[in-house]
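Only one chain is given next, in structure tokens, and it is the form predicted alone.
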Amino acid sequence: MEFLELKNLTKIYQKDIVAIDNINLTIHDGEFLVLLGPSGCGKTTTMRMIAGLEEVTKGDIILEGKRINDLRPKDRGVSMIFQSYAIWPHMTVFENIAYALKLKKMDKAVIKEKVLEVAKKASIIDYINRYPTQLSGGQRQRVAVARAMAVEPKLFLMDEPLSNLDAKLRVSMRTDLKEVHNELGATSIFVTHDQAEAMSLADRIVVMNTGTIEQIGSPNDIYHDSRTMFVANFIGSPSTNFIDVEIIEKGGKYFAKNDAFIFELDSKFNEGISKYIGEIVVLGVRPENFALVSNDNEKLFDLDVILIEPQGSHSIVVGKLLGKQMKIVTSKVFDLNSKGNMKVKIDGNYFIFDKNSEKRIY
């Protein structure tokens, strides 16, 4: 069911600064949608327009079939959780959660029941009489989540709510947020620049870049079926390796060639790649889709290794090919000082991109 629609949504500042450029997006009822992209891509501006905190320049925001562009924030039925928690320091946890309910002039007994209920769900019932200064960062964020839950919004909006937490706590809070979302059956939109956060939380990810939408899809779609070089580069850590190659044809087969190797392309690329014969395109290979081999018959090329980055469960081999840095992920364990040449082959999925448009060639 279509729950929220953004139609030709545009935001222009000072007449000529285009922050959001005519985007269209449909959010389904009960979905956990993540807006992902680098700083300045427009994801927070998009969320703030949905919340009513930014005026829409052009286009429409349709919530449950009703245009809400001109509604005040408090009349939109949304709750927003901010990066900075935005909880009152002079109020207890109970008072913070109850604040919005008191503004609605609800009965005191009903308010108490609701506050205690959401405090339990957010695992902060033991801190109900404490002040924010007596809480950790993670506990304060739980108060913000509980406060948003208490008003039973149609839509949860979360603007990088985990970015102020330490790395370990961020991971545990991801799980907690998804559990709360599933329990409430609410519709949630989550803004982040952290691709690991997006991959672990989202039903669908919207990858944004310079005010436009690059790609929409499930975490697996975005990672394994990246449609542009930007998406392939932004999603994944380490990011995708990009190698310039010339397309040549021999005996009805197509090959990617440069000064280091010649590589026969999978036949699934035949139709899309046929018009690129003699041209330079970009071969994109994720670090884990390379494999280290032991003999020359298997190798595609020799990698000049410059350093090893141990990661515990795996190692990242950093090297150079034709003067350009490459990274390979392997389960093999190497000494920190391992250097020299390593034999490498492609052992998995790979992409081919048009060098000019940076769009994937199918």
Partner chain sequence: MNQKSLIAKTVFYLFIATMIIAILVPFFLFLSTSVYSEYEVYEFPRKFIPRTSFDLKIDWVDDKYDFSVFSREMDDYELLIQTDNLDKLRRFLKRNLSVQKTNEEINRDFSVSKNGEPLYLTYKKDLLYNYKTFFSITNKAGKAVANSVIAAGWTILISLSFGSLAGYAIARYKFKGREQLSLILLVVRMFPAVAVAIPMLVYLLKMNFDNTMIGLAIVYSVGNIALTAWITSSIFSGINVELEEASYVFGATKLQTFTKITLPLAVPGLIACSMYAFLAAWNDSITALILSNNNPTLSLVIYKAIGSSSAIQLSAAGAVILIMPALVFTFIIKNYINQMWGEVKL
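Quick caveat: nothing in here was measured; it's all calculated off a predicted structure. We call the rigid core whatever largest set of C-alpha positions still superposes within 1.5 Å between the two forms. Residue numbers count along the first chain shown, from 1.
One more form of this protein exists, namely the form predicted together with the partner chain; it is left out here, but the text below deals with it.
At a distance threshold of 4.5 angstroms between non-hydrogen atoms, Arg286 is out of contact with the partner chain in the predicted complex. Contact check for His90: a non-hydrogen atom falls within 4.5 Å of the partner chain in the predicted complex.
Heavy atoms of Arg142 never reach within 4.5 Å of the partner chain in the predicted complex, leaving it off the interface. Using a 4.5 Å cutoff between non-hydrogen atoms, Ser79 counts as a contact of the partner chain in the predicted complex. Contact annotation: the partner chain lies within 4.5 Å of heavy atoms from the stretch 94 to 102 in the predicted complex, the single such stretch among 94 to 102, 261 to 269, 223 to 231, 112 to 120.
Every member of the trio Pro73, Ala86 and Arg147 reaches the partner chain in the predicted complex with some non-hydrogen atom inside 4.5 Å. Between the partner chain and the residues Ile213, Val151, Ala186, Met106, the one pair within 4.5 Å by heavy atoms in the predicted complex involves Val151. The partner is absent here, but in the predicted complex a heavy atom of Leu53, alone among Val293, Leu53, Ile306, Val333, sits within 4.5 Å of the partner chain. Once the rigid core is overlaid between the shown form and the other one, Ala196 does not reach a Cα shift of 2 Å, moving by less than that.
Taking the rigid core as fixed, one finds a CA shift for Met91 of 2 Å or more between the shown form and the other one.
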